[in-house]
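Only one chain is included here, represented as structure tokens and corresponding to the form predicted alone.
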């Protein structure tokens, strides 16, 4: 089996590892400068922006046996999207629209897309299922929501099938990074754990908690933090179980399926902070700040539907993600 993977950033690189580990050939597109020099067994790397449809077509000509696409080349950040909505709608909606239309014209009908938990509304108890109400609060969340709606329409009109993986909050690094022979250039993403690492390294003065007056058990936001390796493996499971996923989902799911990809564990910001401090054996400077625009009190994933449909469940704990990332940090230092 050969898969086209768009994006080789923090999430894409880890998906590439997972595909390689499972002997799935991957054609990987990204617009980073040196991607042609990347090396990973079973993977072909091309410098190419997905909006360059002529170049994408040439790559598809070279690999006319591609059966499926994982579309991950989208930008993410709630805070940045509030300040720069144009970039988020341009990349996540407009660029993706033309790209998927090209795939349709090329006869590629099985597509996995990277969506987000930010599409959900607040719900009592904070646990969301795939049928929970949707109400994105930021341009980033709305761009993902619009893309999901677009994909549903494409599936109905063009005889496509799509699995939308709603990622929660990926943290950590590839769990097997230190033992790999072939290592892609490390990219650690931008998330709570990376901010704490920067403070630990003296690159920032303090950690600012964005509000401690939320209606949660300690006043700070609740999130679902998933080890990046577990998230990557969910993509592989979606590839391997693509057809059977629709059969397992039930008769109402004929061509479009949304799945939560999270740890299934609710963690407050303060609890994350405590876990980090316990692992590093030190305290960091903390300050309470105002709520951020676009934030909600919290959500975490009910992952039973993903278990049922693609036979996936997370293997690692939050502490594993922190330990893996801290181990890399010590090597860098």
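In this text, all values refer to a predicted model and were calculated from it rather than measured experimentally. Positions refer to the first chain, counted from 1.
There is another form of the same protein, the form predicted in complex with a small molecule; it is not shown, and what comes next is about it.
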So which stretch, 72 to 80, 250 to 258, 122 to 130, 149 to 157, is the one near the small molecule in the model of the complex (non-hydrogen atoms, 4.5 Å)?
72 to 80
Do residue 91 and the small molecule come within 4.5 Å of each other in the model of the complex, heavy atoms counted?
yes
The small molecule contact at residue 233 in the model of the complex, heavy atom, 4.5 Å
no
Is residue 227 one of the residues lying within 4.5 Å of the small molecule in the model of the complex, judged by heavy atom distances?
no
Using heavy atoms and a 4.5 Å limit, would one call residue 19 a contact residue for the small molecule in the model of the complex?
no
Only one of 100, 239, 173, 114 gets a heavy atom within 4.5 Å of the small molecule in the model of the complex. Which one?
114
